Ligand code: ARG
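Quick heads-up: it's one chain on its own, the form predicted alone, in structure tokens.
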């Protein structure tokens, strides 16, 4: 993950309610949001050594800032997301345009399914996992498996607080998995246990501060501040945590991972 796609929060705000975190009455502070986002970008560039590609923000698309939902990218091929909620569907054309203009091969999903990108498709080199029920459809992963030639293990998300896989599931570079089991049904928990040997369980209180919505680059892990137990767990496994204040983005149900898309 040497390069990340990001989008400045010029038009970010809480303009509708499509998950339990979002309340129009709990408005985001524009200046504080921008300061937190730019501090996150500084952490990536200066502390972690990541190269950033910046999209142009679009007025009227407050969630375009959450580039993890642009689609999924592997081996130069991009499948653009098909959003469940109408409020986000207009983002699809801007994400597709960006990838087309930057010479990526854009592929259609090919089935009438909802799929919300790298927010719901994560994994390790040999094992991929797809979150479904809350936003993405189970059937999307059959099509994606054929496109990329990868087996994808579906995981059912049972809590609407954890509506995307990346809110509760973070693969780490050393093969460990940082995750919150309570977000999954029992079958998914068994699938995870049988597929990933090294698992790091995040406590519920910190999972609800988006501790799992982290970005791992080599031994660095960028995560929201206020997750001290998770940071201690990461340190014990040899990682260097980089806490960043991101509470303005909690209001929309997102954090560090939601604000980025890996381009490598």
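Everything quoted here is computed from the prediction, not taken from an experiment. Numbering follows the first chain given and starts at 1.
Keep in mind that the form predicted in complex with this ligand is not shown, yet the notes after this line are about it.
Student: Looking at 164 to 172, 125 to 133, 95 to 103, 190 to 198, which lies within 4.5 angstroms of this ligand in the predicted bound form, counting heavy atoms?
Tutor: It is 164 to 172 that comes within 4.5 Å of the partner.
Student: Can you tell me if residue 230 lies within 4.5 angstroms of this ligand in the predicted bound form, counting non-hydrogen atoms only?
Tutor: Heavy-atom contact with this ligand at 4.5 Å: absent for residue 230.
Student: Looking in the predicted bound form, any heavy atom of residue 7 within 4.5 Å of this ligand?
Tutor: Result no; residue 7 lies far from this ligand in the predicted bound form.
Student: With the cut-off set at 4.5 Å between non-hydrogen atoms, does residue 68 touch this ligand in the predicted bound form?
Tutor: Although this ligand is absent here, residue 68 would touch it in the predicted bound form, with heavy atoms inside 4.5 Å.
Student: State yes or no: in the predicted bound form, is some non-hydrogen atom of residue 261 no more than 4.5 angstroms from a non-hydrogen atom of this ligand?
Tutor: Judged by the heavy-atom cut-off of 4.5 Å, residue 261 is well away from this ligand in the predicted bound form.
Student: Note that this ligand is not shown here; using its position in the predicted bound form, name the residues of 8 to 26 with a heavy atom within 4.5 Å of it, in sequence order.
Tutor: Read in sequence order, the residues that approach this ligand (within 4.5 Å, in the predicted bound form) are 18, 19, 22.
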